[in-house]
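Here we start with a single chain on its own, the form predicted alone, put down as structure tokens.
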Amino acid sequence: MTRTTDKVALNEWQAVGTVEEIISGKRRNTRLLGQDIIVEMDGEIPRMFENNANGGIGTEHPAQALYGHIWTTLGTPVKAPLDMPEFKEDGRRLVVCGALTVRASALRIVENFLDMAHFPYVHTGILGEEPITAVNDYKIEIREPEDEVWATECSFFQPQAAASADDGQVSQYMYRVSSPFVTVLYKTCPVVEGAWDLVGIFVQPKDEAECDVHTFMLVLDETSTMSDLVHFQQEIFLQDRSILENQIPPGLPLDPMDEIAIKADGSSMLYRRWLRNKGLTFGTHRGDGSSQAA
């Protein structure tokens, strides 16, 4: 695929690798929105260049290190990457889980992250279990001027809500979508009353049907090993991958008439409407059996 011309997608900040892997002296040769790119560190300063067809270094684009990842853009961003003040709180552990490649639309991946209804069936014994399958009512909104989608007052019974959990609990959730490709979950912390653990995905759309999904956790957990925390999160995401890669159509339909929604789909329906209002076409479905290539 050639580089997209979809300005909505081009103007977003995207995570394209972890600081740890790049700072070790390795270059990361990857793709973003159909463009081959090179990510590297110049001392402590991240840099990103287009990788020309002949293997030469092309145009340089802005880059920054944030939340353990390197962020860049191929366009002109209208806002900064998401602000997570929890990142600076004492006692929190940043768990960078690495990138998993998924052959699916970035928008499908974000929407799946918002979906609680699949917990008992896909993440059985961890995030849900039968016969407790009902999704309780929750609130959805677009927050201005931040221009973010939020779902709040979500709750679901979970046999093992986190690596630190000793028993099942009814977890309270908040979902936040700060860009079409970035979403964060705030969930009940099993070990600190009244606190939230954060779990998020920074989806790097390599092209319309393949992504690297950079996963992180920001948790209040002093007992679990880093390996246990990473394994817990990767196990959950790997359970999702096979489903994501077999969704039909591959692109995300934005026309409300294309798919039948139920009450539990409120967050994904608002997400789709938000994308439609932005005019995003990259990674969407036209309704004629194909993805929308910008």
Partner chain sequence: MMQLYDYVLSGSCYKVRLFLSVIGQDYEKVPVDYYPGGEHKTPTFLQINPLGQIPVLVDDDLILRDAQAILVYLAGRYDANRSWYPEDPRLQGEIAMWLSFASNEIMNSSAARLHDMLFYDFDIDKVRAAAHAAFRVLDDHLTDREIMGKQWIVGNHPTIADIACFPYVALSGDGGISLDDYHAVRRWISRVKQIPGFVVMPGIHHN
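Numbering follows the first chain given and starts at 1. Predicted, not measured: the structure shown is a model, and the values here were computed from it.
Although it is not shown, the form predicted together with the partner chain is what the next lines describe.
Stretch 229-237 is the contacting one of 229-237, 63-71, 33-41, 248-256, since its residues have non-hydrogen atoms within 4.5 Å of the partner chain in the predicted complex. At least one heavy atom of Arg28 is located within 4.5 Å of the partner chain in the predicted complex. None of the heavy atoms of Met269 is located within 4.5 Å of the partner chain in the predicted complex. Not displayed here, the partner chain is approached by Ala99 to within 4.5 Å at the level of heavy atoms in the predicted complex.
Contact annotation: Asp212 falls within 4.5 Å of the partner chain in the predicted complex, judged by heavy atom distances.
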